[in-house]
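The chain below stands alone and is given in structure tokens; this is the form predicted on its own.
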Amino acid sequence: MSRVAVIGAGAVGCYYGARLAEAGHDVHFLLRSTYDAVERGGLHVESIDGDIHLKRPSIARTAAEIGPADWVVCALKATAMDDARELIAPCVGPQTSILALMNGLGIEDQFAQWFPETPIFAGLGFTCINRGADGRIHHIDYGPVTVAHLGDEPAEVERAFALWADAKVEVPTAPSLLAARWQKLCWNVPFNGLTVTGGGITTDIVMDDPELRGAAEGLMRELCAAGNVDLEAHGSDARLDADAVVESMMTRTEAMAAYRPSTMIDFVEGREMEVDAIFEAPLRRASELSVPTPLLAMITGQMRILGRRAG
């Protein structure tokens, strides 16, 4: 079993960390706002895949209290990237690997600059998870985490997969990290964006409105086009099949319970949104590659303005 440090133990970090602890790993959670609540009552996860109650989880207020780990699972919001290096560094030793369970494009490249001797992985969750009162975690629907390696080494991908072998988590593997990141954006951009620009609506409203649904599909197609040019520019043979991506994303979202994406929750609660990582980064890359993305440009501009108002 592995020693795991969960940095960014919000809804996503606590859920997947709890699943790893349930599987027998030695999991340590870096907690800030919910430390006292978890210390008093433990970590509670209410999940469609079976509830978890860790009565006495290993929790810490600082990463230095945790120390070096075999795996660092970084589940910070992309808005906390300025703090990520300082938070992760005390947990990185000679045998450490880092799994970025975060949204956005270029996240792993940043980690590789900070920790050049450390294997870097992506964890791309497709799930509906929110945090309730006193740090309780509500896992509403889905839950797979796709793992990929910065460098696309198959043996390294298998090593990341092995971490989850006994956990109640579906773990597909991706041969191309960059393709997986663009594919994840095909859900994050339309559904985080449209639920915010729609005024704080849930995913089912997007799916039931013909204009919003059409906008979601159009955004996915633009992202696939930009992603494929980016993959070609990086010398990768991987490609996104736009028709297959649209069908998969729309089918899964249609079957999903009414959901409040994390960016929408941040918007309605007046917190900083992950605008740069989810929207600005792919738009910059599309612009650099001269790929026309008018819908992406429009929703990014709207998110930029709304983000300023929230701030």
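Since the structure is predicted, the reported quantities are computational estimates derived from the model, not experimental observations. In case it trips you up, residue 1 is the first one in the sequence shown, and so on.
Separately, the form predicted in complex with another copy of the chain exists; it is not shown, and the next lines address it.
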query: Using 4.5 Å between non-hydrogen atoms, is A297 touching another copy of the chain in the predicted complex?
result: yes
- request: Answer with yes or no whether A286 is in contact with another copy of the chain in the predicted complex, where contact means some heavy atom within 4.5 Å.
  value: no
Partner proximity in the predicted complex: P119 to another copy of the chain, non-hydrogen atom cutoff 4.5 Å: no
G106: touches another copy of the chain in the predicted complex, heavy atom cutoff 4.5 angstroms: no
message: Counting heavy atoms only and using a 4.5 Å cut-off, do L20, S47 and V145 all touch another copy of the chain in the predicted complex?
response: no
statement: TL;DR on 199-207, 98-106, 149-157, 235-243: the one with heavy atoms within 4.5 Å of another copy of the chain in the predicted complex is 199-207
query: Considering another copy of the chain in the predicted complex, which of L194, C186, L178, V92 comes within 4.5 Å of it through any heavy atom?
result: L194
task: Note which of A215, L76, A174, V169 lies within 4.5 Å of another copy of the chain in the predicted complex, where distance is taken over heavy atoms; exactly one does.
output: A215
query: Though the partner is not shown here, which residues of 292-309 have a heavy atom within 4.5 Å of another copy of the chain in the predicted complex?
result: P294, L295, A297, M298, I299, G301, Q302, R304, I305, L306, R308, R309
